[in-house]
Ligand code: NAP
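Next up: a single chain in structure tokens, the form predicted on its own.
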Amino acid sequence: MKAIVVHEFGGPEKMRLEDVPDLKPAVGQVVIRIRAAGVNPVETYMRAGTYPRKPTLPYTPGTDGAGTVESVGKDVTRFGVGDRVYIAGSLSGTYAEQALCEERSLFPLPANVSFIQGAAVHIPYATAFRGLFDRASARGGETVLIHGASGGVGIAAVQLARAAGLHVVGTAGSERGRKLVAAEGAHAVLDHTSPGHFEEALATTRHRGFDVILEMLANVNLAKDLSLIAPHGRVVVIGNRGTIEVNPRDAMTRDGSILAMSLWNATPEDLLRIHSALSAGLENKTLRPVVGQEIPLAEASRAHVAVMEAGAHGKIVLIP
């Protein structure tokens, strides 16, 4: 089979398409024929060698994907050959024609969800779910500000928050992105390239502030976020690319909280619970993954450049 292989940490050019042996499942394992693989910013940090979790070289990137079951190992009971599934973690990496997975990392892909959409589920939707409900304990009737709402995690958060009865305000940096966020259900959408968008955001709450803020770029926005939260408001740091100085008094005066999360900290039990909820949302069409770009597997380096660019519009997926 063909797979993207990284032999040394560095830039996108370090990813190369190579011929590697076909995969064979051991006990409790499943081999998936990949139809689409999701691309996430975290994979660019890992490839560069700057992320705290460094994979053992050489390796194939990717944890998200969707496809059909090609073979199963002993004691696998939930899936059979030919079943449509989406992947929530892979032992071998998903930037490939095949992926080796533990049975517990696979979930049924409903007939109404394409393989391309299935590849856009795991990291974006599980991150948004964990940020909103596990970390922020968001509840119906509360207000939420979602920075970078037109990206994969942002769109997932918009859909999940609306389904849970929150009042949703989202931001995006392009007109195309803002139209997408509005179409997916945000009550108000702001241009985060505008210097006045923080004041505009606060005005949407009648200056009460937000109960929850999902922060995708904390090194830019966190200090301002603390002045936007309502009494007992919570800021959840989901993404960050550097350091920042904040004034703790802004949180103190509101009894506010700065929370942080990494999906890597979710236990297998957490992921089972989260994906059980996500699977239900996919089935009833409450959750509708949006894919903005489909890029051939051989051009994975281009996907790693695109996923870090401004003006996000849904998810980027690779097609073997």
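Residue positions are given as counts along the sequence shown, with the first one as 1. Because the structure is predicted, anything quoted here is derived from the model rather than measured.
Heads up, the form predicted in complex with the named molecule isn't pictured, but that's what we're talking about next.
Among heavy atoms of Val290, none comes within 4.5 Å of the named molecule in the predicted bound form. The named molecule is not shown here, and in the predicted bound form it never comes within 4.5 Å of any heavy atom of Gly281.
For Met261, a non-hydrogen atom is located within 4.5 Å of the named molecule in the predicted bound form, even though that partner is not displayed. In the predicted bound form, at least one heavy atom of His192 sits within 4.5 Å of the named molecule.
A single residue from the set Leu91, Leu217, Val76, Ile244 has any heavy atom within 4.5 angstroms of the named molecule in the predicted bound form; that residue is Leu217.
Of the candidates Leu180, Ile229, Cys101, Val153, Val153 is the one whose heavy atoms come within 4.5 Å of the named molecule in the predicted bound form; the others do not. If you check the named molecule in the predicted bound form, you find a heavy atom from every one of Ile123, Ile238 and Ala310 within 4.5 Å. Note on the interface: of 30 to 38, 262 to 270, 66 to 74, 282 to 290, the segment with non-hydrogen atoms within 4.5 angstroms of the named molecule in the predicted bound form is 262 to 270.
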